[in-house]
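One chain comes next, on its own, written out as structure tokens in the form predicted on its own.
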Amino acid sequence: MYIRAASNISPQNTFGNQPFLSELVEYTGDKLSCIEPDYKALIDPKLIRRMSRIIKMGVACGMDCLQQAGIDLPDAIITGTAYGCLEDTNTFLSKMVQQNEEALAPTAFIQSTHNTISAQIALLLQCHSYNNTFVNGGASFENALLDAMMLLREGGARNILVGGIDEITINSHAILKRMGLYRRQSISPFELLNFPDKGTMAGEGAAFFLLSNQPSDNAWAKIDGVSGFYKPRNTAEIQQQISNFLSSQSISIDDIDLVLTGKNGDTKNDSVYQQMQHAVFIETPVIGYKHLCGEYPTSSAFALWLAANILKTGGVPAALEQAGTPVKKILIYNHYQNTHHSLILLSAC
């Protein structure tokens, strides 16, 4: 399937008509928060005040993606999110406690469901077609992609809007930090991958793609395949899964120009990538992406936007290490807490 357009709200300047990662934004602390645009250009101001932050990010990103593609009404809307609308959930539950479960306003509850973003986009477009949201932890976005791929192959749709969204809230950050997911000491994201330690940096983002089964002159890239596996027993099984995936695409690792991995600076997390780099990606350039967006369950959506941009522009931006290298085929390999592993293969059009 082909990527006709893509839009991305992230901790970097990635939304709208921005140069492709010409200058990276540096942070301090243990989290990377999104740089939010002026939503009034994309959403009715009367609706904006009723939307929480993640809904505004998702809706604006989805609408921008459709505008880029010149599509008024997609044939399907599919999203993936691990945590959904956390801030609305927290608001609703807090009011339940404060008001002793009486006379609760329904807005926060209505907007707290995981499918709120895809539903809001459909409401704004008056799109009554297929609308689905996957909530599968670190595999949420990949499952949305697989669903889109099956729908396109079955002929059930020609243009599908697919997105991956997750947010950081004060409470979620505090809970995950208590569980040891994030660094105790402040660090720059530019040093995150070079100085591995226990924990990483929190991240968030919203990325949407307009996918089609028809090639076009302005397509960004082609997604050749998507695959995932769950809780591999050892590195040998991971190696076998990668080999099986490449074989299913009738290619070898020598055909890959660049591997994007989900290295996040956490020693335990990155050991998997280190082993694969020494066993599988020996001669292939490998770069990470989570120092740009932070760690979150649907960060592979950011990776897909990054890979599609590299293929569209023909090279890796100078802000990354592999600047200027001609790239025609990219493999994204990511895992979330060594539980959900995913492989996405892209080719230049």
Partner chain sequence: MDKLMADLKEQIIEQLNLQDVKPEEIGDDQPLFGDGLGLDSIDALELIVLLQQKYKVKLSNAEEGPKIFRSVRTIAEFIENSKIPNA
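The shown structure was predicted, so the numbers you read here are calculated from the model rather than taken from an experiment. Residue numbers count along the first chain shown, from 1.
This protein has a second form, the form predicted together with its partner chain, left out of what is shown; the following refers to that one.
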### Task
May I ask you to check whether residue 93 falls inside a 4.5 Å heavy atom distance of its partner chain in the model of the complex?
no
### Query
in the model of the complex, does residue 99 have a heavy atom within 4.5 Å of its partner chain?
yes
### Message
Given that its partner chain is not shown alongside this chain, does residue 214 nevertheless sit within 4.5 Å of it in the model of the complex, heavy atom to heavy atom?
### Response
no
### Query
Does residue 104 reach its partner chain in the model of the complex if we count a contact as any heavy atom within 4.5 Å?
yes
### Query
If contact means any heavy atom within 4.5 Å, which of 49 to 57, 298 to 306, 24 to 32, 282 to 290 contacts its partner chain in the model of the complex?
49 to 57
### Query
Quick one: of 110, 253, 73, 236, which gets a non-hydrogen atom within 4.5 angstroms of its partner chain in the model of the complex?
110
### Query
In sequence order, which positions of 17 to 43 have a non-hydrogen atom within 4.5 Å of its partner chain in the model of the complex?
40
